[in-house]
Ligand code: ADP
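Okay, here we've got a single chain as C-alpha cells, the form predicted on its own, with questions on binding and movement later.
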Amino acid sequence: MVVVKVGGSAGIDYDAVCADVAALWKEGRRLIVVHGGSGETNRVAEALGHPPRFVTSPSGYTSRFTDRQTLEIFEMVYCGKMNKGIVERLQRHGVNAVGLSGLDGRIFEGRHKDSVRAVENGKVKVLRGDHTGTVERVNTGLIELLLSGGYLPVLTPPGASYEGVAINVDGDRAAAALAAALGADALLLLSNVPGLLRDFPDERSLIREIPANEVEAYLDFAQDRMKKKVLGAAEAVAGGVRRVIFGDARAGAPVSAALAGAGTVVS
C-alpha cells in the first residue's frame, strides 16, 4: 500500500504524476492519491474578490485562514476542478478512479477549531470564525471498500468535524493520518522541489536521508509549507509507516522515482 500526496503549488506536472500512478496501478500496486490545490485556490479567490489570507502561528506554521466564504471557494477548487481533473486524467489511462473529499463518508474526521492564534505585527492575536481542524479519525472501511472493488481513491480536503461541519484540514497531515491508519508501506509527499533542502532554494543542498527518530530535528531546514510536510512525516513514521519520501512532482515518473529513493527518504 502506497499513499501518494501531490501538492497544489505551481510547477507540478499532474499529467506525469497520473501517468505514473496509472502504470503502477496496472502492475498491481495498491495506491491511494491525496491532492492539494493551494495555487489554483489562491488564483480563484483573487478573481472572485475574496483574496486568500495566510496566518502564521506562534510556533511558526503558516496556514490559510478559512472563513465560510473561503471554505466555499476552497471546496469549489479542491473538490471540483482539482479533484475531477486528476480523476479524468486517470480515467484516460484506463484506471477506474473515484474522487472524494474527506467530508464524504467522513473519510477525514476531526475537531473543528473555530479560532486560531496568529502572530501579526509582532503580536499574538486570536482570530475567530475559522473553519479548520486536524484529522483525528480516518474511515478506512470506505477506503478498503473502494480498493476491494477495483477503484483507485483520489482524496482531497476538506474533512468533517464531529458535528458534520466541513473543515479545512492540512493535506499532508491528512495523508499521513491515512497512511498510518491503513498501515501503508510508504507515504510519498510530492511537491515542486526535489525534497527537503538544507539551504532553500538551492536544490543542490538536498538532504537525501533522515533517520525516522530524528525527523523533527530537521524542521529548522523546512521553509513555509514544507514545515507541514515534515510534521506530517513525523506523524506518519510515529504511526508505523515504514518510509516517507519527499519527492519531486515536476517531471518524469515522479512516483516511481520517489519509490526508488529519489528525493529525501525518511526511514
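Model, not experiment: these values are computed from the prediction. One rule holds for the numbers: they count along the sequence shown, beginning at 1.
This protein has a second form, the form predicted in complex with the ligand, left out of what is shown; the following refers to that one.
Engineer: Three or more ligand atoms within 2.4 Å of the backbone or C-beta would mean blocked. So with the ligand superimposed as it binds in the model of the complex, which is it here, open or blocked?
Structural biologist: After the site C-alphas are aligned, the pocket of the shown chain is blocked to the transferred ligand.
Engineer: With the ligand left out of view, choose which of Leu155, Ile167, Leu196, Ala184 has a non-hydrogen atom within 4.5 angstroms of it in the model of the complex.
Structural biologist: Partner contact (heavy atom, 4.5 Å) among the options: Leu196.
Engineer: Tell me which of 225-233, 24-32, 63-71, 48-56 has residues with heavy atoms within 4.5 angstroms of the ligand in the model of the complex?
Structural biologist: After filtering at 4.5 Å, what remains is 225-233.
Engineer: At 4.5 angstroms, heavy atoms only, are Gly7, Ser38 and Asp172 all close to the ligand in the model of the complex?
Structural biologist: Spot residues vs the ligand: full contact, yes.
Engineer: Wondering, does Thr132 line up within 4.5 Å of the ligand in the model of the complex on heavy atoms?
Structural biologist: It does not: once the ligand is placed as it appears in the model of the complex, Thr132 has no heavy atom within 4.5 Å of it.
Engineer: So, Ile12 and the ligand: in the model of the complex, are they within 4.5 Å at any heavy atom pair?
Structural biologist: Judged by the heavy-atom cut-off of 4.5 Å, Ile12 is in contact with the ligand in the model of the complex.
Engineer: Heavy atoms within 4.5 Å of the ligand in the model of the complex: does Asn192 have any?
Structural biologist: Close contact exists here: in the model of the complex, Asn192 approaches the ligand to within 4.5 Å, heavy atoms only.
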